[in-house]
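Below sits a lone chain in C-alpha cells, taken as the form predicted alone.
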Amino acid sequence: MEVSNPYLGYKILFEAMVKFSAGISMAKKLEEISLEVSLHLKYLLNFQDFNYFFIAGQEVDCFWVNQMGKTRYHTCHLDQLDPIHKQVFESGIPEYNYCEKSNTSTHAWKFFNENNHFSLLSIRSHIDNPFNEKSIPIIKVVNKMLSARIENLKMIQLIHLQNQELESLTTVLQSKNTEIQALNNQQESIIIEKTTRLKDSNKKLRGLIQFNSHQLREPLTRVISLVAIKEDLLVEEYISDILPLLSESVMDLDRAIIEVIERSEFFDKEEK
C-alpha cells in the first residue's frame, strides 16, 4: 500500500511489525506459527505464497502461508526440499525466479541463525502485486523473529519431552525400588527364619553332643578300665570276676550307641 506521508508510512510499518512480533510470541506450538504469520504478514509484505524452512541438522520444519489465509505446517528431511530451496541452501546465494506462465516471481534467501541453525525464506508474488525489493530489510527482521520463536518453541518441546522421559524413568525407578524393598523384606524374613532355625538346631545339637558325651563316656570308661586291669589279675579271677562286668559294660555301651543313633536320626528328620 502506497503511503504519501513518510512518517505515516513508518508508523503503519512499525505497528504492523509490533503486531507480527506479538502474534508470533503468542504461538504456543510450532503448528500455530503458520496461522500467526497468515494473520499479520500481509501488512508487512506483498506475497502470494510465503515459505519458511527452519533447518536443524538434516531435519526441517516447514511453514507455508498463502494470501488467501491457508496455512500448512509439516516436517521433512533436508533432501526433500524442492530444487529452488535446495539450490539456495547449498549455494547460500539469494535466488530470483520468474514464471512467465503464471506471471509470478519467486525470491528466496538463506539465513544463518544462532546455534548452527539455518533458515530458508521464499516469497512468491504476482506481477500485479509484486514483491518490493525495498522490503528485504523487513525480510531479515521477519527471519530473526521467526527463527528466535521457533528455536524457543523447539527448546520448550525438548524440555517437555525430557521431562516426560524423566517422569517415566522416575516411575520405573519407584517401581523397581518397591520391588527391591519387597525382595529385601522377603530376604529379611527368610534370614530371620533361618537364623531362628539355626539357633534352634545349634541348641539341639549342643544337647545331642552333651548326651553323647555322658551316655557314651561312662560305659566306655568302664570297658577301658576293666580291660586295663587284665594284666594285674590271674586268668581265673579275671574270667570269674571281671569278664561278667566287662560284658555288662559292653552291653551298656551298645545300648548307648543305639540311643545316640536314634537321637541323631530324629534330629536329622527335624532339620529336614
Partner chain sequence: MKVFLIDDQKITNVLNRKYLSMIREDLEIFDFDDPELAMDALEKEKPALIFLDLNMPIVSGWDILLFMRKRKIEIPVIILTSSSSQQDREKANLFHNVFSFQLKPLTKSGFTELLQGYYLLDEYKPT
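Since we're looking at a predicted model, the values are computed, not measured. Positions refer to the first chain, counted from 1.
Below, we refer to the form predicted in complex with the partner chain, which is not included among the displayed structures.
Original post:
So which of K70, K28, K203, R217 reaches within 4.5 angstroms of the partner chain in the predicted bound form, heavy atom to heavy atom?
Top reply: Among K70, K28, K203, R217, a heavy atom within 4.5 Å of the partner chain in the predicted bound form occurs only for R217.
**OP:** Quick one: from L45, A56, I242, C62, grab the residue that has a heavy atom within 4.5 Å of the partner chain in the predicted bound form.
**Re:** Comparing distances to the partner chain in the predicted bound form, the residue within 4.5 Å is I242.
**OP:** Indicate whether I209 is a 4.5 Å heavy atom neighbour of the partner chain in the predicted bound form.
**Re:** No, I209 is distant from the partner.
**OP:** Please check if L226 has a heavy atom lying within 4.5 Å of any heavy atom of the partner chain in the predicted bound form.
**Re:** L226: yes, in contact with the partner chain in the predicted bound form.
Subject >> 4.5 Å heavy atom contact, D232 and the partner chain in the predicted bound form >> reply: Yes, D232 is a contact residue.
Original post:
in the predicted bound form, does H40 have a heavy atom within 4.5 Å of the partner chain?
Top reply: Although the partner chain is absent here, H40 would stay clear of it in the predicted bound form, with no heavy atoms inside 4.5 Å.
Original post:
Residues in which of 32-40, 46-54, 62-70, 234-242 have heavy atoms within 4.5 Å of the partner chain in the predicted bound form?
Top reply: Single hit among the candidates: 234-242.
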